[in-house]
Every structure is written in structure tokens, then in C-alpha cells.
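A single chain comes next, written as C-alpha cells; it is the form predicted alone.
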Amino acid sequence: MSMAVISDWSGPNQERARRLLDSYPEKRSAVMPLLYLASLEHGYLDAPGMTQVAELTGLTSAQVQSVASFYTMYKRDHVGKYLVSVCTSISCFLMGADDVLAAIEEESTSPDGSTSADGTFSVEHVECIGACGGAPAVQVNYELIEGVTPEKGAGLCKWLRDAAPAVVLADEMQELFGSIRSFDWGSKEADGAVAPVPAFGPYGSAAKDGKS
């Protein structure tokens, strides 16, 4: 399949798209990883990005949009450098997640569902992220922190603003801003997220040891 339809994508992302398409017997099966690539290329999942994915996979634009609109991790509006997601489902709620969310909103100057004026933060409340035993749970660019207090949530935002890490690592943030964990995480994970997209090496959204 010709890659001319994504000629405006970076060289590395064009190569990633080729590899992803070659990984599936049916090109349409690559739609979800390609949507992440489009998000990385454009900063969010815009209409041209979805059109390009449709052309690559042989799907219609409506079919691609139906996937993108169903899954909340595909952001179809601009997001900040750091996407801070606070779980407010029942376990986290009972452990004070609303107070954690309020502290993060105040420190980041980003009300729930919005992006800060300087583009540093986007803040959202989310449904269960599978860390009920470590409630309240927070994610930064989908990297997990468990046992976050309002004070630690505010401290997390200060640290992100001041240190401006190019890569956010779950283990590092857990040590700095977390407490109780839902389970023993085991050995430290060297990979972290470089953008508000889950950290997947084949997608170019992960890096090691703080190096982008």
C-alpha cells in the first residue's frame, strides 16, 4: 500500500506505520495503533489524522471516527504536555479522590476536562483504572501512581511544571508522590511515556531512563 497519503507525517512515524500495517493480515486491524500514531504526529487526533488512518486501512472515515469516539484514550481535542487522570470510581471516591482532583485542578489551573492556558496540563476524571487496592489512583500520560493524597497531588503538578520531565516514569512518580500500592510492582520499569499517549515502544511513545 502506498504511504503517500501520510507524506506529511514524520519519517519515523511513516516507518512505524509501515511496520504496523505489515503486522496484520487485514490492514483494518491496524486501526487502533495507527490512531495512536496520528495522535503523536498531530498532538491529538484531528480530522485529517483520522482521514489518513482511514485511507491506510481501507475503512471509511465514519468507521474510523466511530472507533476514535468510542475509546476515551483517543483525544480529539488539544491536550497538554501532561495529561493528569484522576480515578473517581467507587474505591478511589471513598478514599478521597474528589479532594485529590480538586487539589490537582487548583495547582495546575486546569478544571476537570480542560487544558491549562500555558498548555502544560490537561486534567480529567476517569473511571476505574484497575488500582482499587491503591486508591486514590492517578495517572500522568497513562503512567500510574497509587495512594495519592491531595498534598501529593498538588506536589506532583508542581514537580511536573518545574522539572518538566521529557519522560514520565511510573516508578519515579510512585516514589515521589505515591504511598500504598494495590500489589508489589516487582522490578522497576525503565520505559516511560513521552506524550499523552500510552507508552508503547513500537508507536514511538516510550523512552528509557528519562531519555527521549
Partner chain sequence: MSFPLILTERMTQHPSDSHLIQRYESTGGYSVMRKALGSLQPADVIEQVKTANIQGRGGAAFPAGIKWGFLAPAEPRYLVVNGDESEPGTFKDRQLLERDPHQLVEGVILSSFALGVNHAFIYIRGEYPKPARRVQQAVEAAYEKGYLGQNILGSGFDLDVTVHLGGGAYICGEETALLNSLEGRRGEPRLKPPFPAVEGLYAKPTIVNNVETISNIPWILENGGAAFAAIGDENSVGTRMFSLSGHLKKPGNVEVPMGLTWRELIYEVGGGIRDDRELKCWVPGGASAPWFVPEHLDTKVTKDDVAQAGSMLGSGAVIVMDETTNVVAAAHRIVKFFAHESCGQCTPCREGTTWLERILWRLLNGAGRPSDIDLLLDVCDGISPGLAWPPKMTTICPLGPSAVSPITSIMTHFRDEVEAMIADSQEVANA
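Numbering follows the first chain given and starts at 1. For clarity, every value in this text was computed on a predicted model and none was experimentally measured.
Only in words, not in the display: the form predicted together with its partner chain, which the text now covers.
K.L.:
Evaluate E106 for contact with its partner chain in the predicted bound form, applying a 4.5 angstroms cut-off between non-hydrogen atoms, and reply yes or no.
P.N.:
Taking the distances in the predicted bound form, the answer for E106 is no, it never comes within 4.5 Å of its partner chain.
K.L.:
Do K158 and its partner chain come within 4.5 Å of each other in the predicted bound form, heavy atoms counted?
P.N.:
Contact with its partner chain, no.
K.L.:
Can any non-hydrogen atom of D184 be found within 4.5 angstroms of its partner chain in the predicted bound form?
P.N.:
Residue-level check for D184: yes, a contact with its partner chain.
K.L.:
May I ask you to check whether S89 falls inside a 4.5 Å heavy atom distance of its partner chain in the predicted bound form?
P.N.:
Although its partner chain is absent here, S89 would touch it in the predicted bound form, with heavy atoms inside 4.5 Å.
K.L.:
May I ask you to list the residues of 105 to 132 that have any heavy atom within 4.5 angstroms of its partner chain in the predicted bound form, in sequence order?
P.N.:
Residues within 4.5 Å: H125, E127, C128, I129, G130, A131, C132.
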